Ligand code: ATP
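Single chain ahead, by itself, as structure tokens, in the form predicted on its own.
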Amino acid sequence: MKEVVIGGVKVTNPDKILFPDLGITKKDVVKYYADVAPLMLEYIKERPLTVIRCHGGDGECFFKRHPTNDRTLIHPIKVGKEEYFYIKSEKELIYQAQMGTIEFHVWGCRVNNIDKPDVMVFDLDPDESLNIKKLREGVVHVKEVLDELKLDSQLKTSGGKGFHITIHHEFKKSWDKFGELSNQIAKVLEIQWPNLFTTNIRKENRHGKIFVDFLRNKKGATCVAPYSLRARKGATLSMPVEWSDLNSILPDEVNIKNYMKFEKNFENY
């Protein structure tokens, strides 16, 4: 078999099927990450990572957030008593894919300023009974509140059933104050639109509503990175989109096969 090398990284078992429903191979996944690496790296480089690795199409996946024995093409960082890891280059990102990484999740801070978060995330998780029209209405309301606070926000698909709204900003706050701010914003949404939003974490109390997940805004918490694939049927991905695209896109619409249709968004995020 001819050796497969992508982005300077040798791909082992390139024909292994990782997404049986679409016939997506390991080579396809590594090539995808090589293609989006210049864009994706801007959001994940020099940030502590948690990755999800899958070694086959049987659904067997596991989380990796510590360097353990595999320290090739990664950089360790000590946070308290725990050791985490980060990457800095396109080759390192591609190597993660070669090692079986499907999903990339990032902290909301950089490794050189671990105690000062600079990315706030609101994960809008709709109840299964909520229709897409109401979900989009909720997204608009979140943007309205953030605009009032003069916080410039970005929209991305989650690759699942909801949308993510992110704010890239030098907050100059401790993690505790940062978490309090995100909690207050979520509470404002719940108070202003009580029939649409909830901050109640219990699923049985979310019927017909959108759970505003602000809990990702604490030290050590992560959110799926822009351009990351999701380890689920359909090989969907979390894709940055324009606000003007909200009414024409579904949260799980973008996948590894059709993402180039949304290339116009790559230049503006």
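A residue's number is simply how far along the shown sequence it sits, counting from 1. The structure presented is a predicted model; accordingly, all values stated were derived computationally and were not measured.
Below, we refer to the form predicted together with ligand ATP, which is not included among the displayed structures.
Colleague: Going by heavy atom distances of 4.5 angstroms or less, which of 179, 138, 100, 162 would be at the interface with ligand ATP in the model of the complex?
Modeller: So the residue touching ligand ATP in the model of the complex, by this definition, is 162.
Colleague: Among the candidate residues 125, 118, 190, 92, which is the single one with a non-hydrogen atom no more than 4.5 Å from ligand ATP in the model of the complex?
Modeller: The option sitting close enough to the partner is 125.
Colleague: Based on heavy atom distances of 4.5 Å or less, which listed stretch (37 to 45, 240 to 248, 22 to 30, 60 to 68) is in contact with ligand ATP in the model of the complex?
Modeller: Contact-bearing stretch, as computed: 60 to 68.
Colleague: Quick check: do 216, 222 and 230 each get a heavy atom within 4.5 Å of ligand ATP in the model of the complex?
Modeller: Yes: 216, 222 and 230 each sit within 4.5 Å of ligand ATP in the model of the complex.
Colleague: Quick check on residue 110: any heavy atom within 4.5 Å of ligand ATP in the model of the complex?
Modeller: The answer is no: residue 110 has no heavy atom within 4.5 Å of ligand ATP.
Colleague: Heavy atom to heavy atom, is residue 198 within 4.5 Å of ligand ATP in the model of the complex?
Modeller: Residue 198: no, not in contact with ligand ATP in the model of the complex.
Colleague: Can any non-hydrogen atom of residue 154 be found within 4.5 angstroms of ligand ATP in the model of the complex?
Modeller: No.
Colleague: In the model of the complex, is there a heavy atom of ligand ATP that lies within 4.5 Å of any heavy atom of residue 158, even though the partner is absent here?
Modeller: Heavy-atom contact with ligand ATP at 4.5 Å: present for residue 158.
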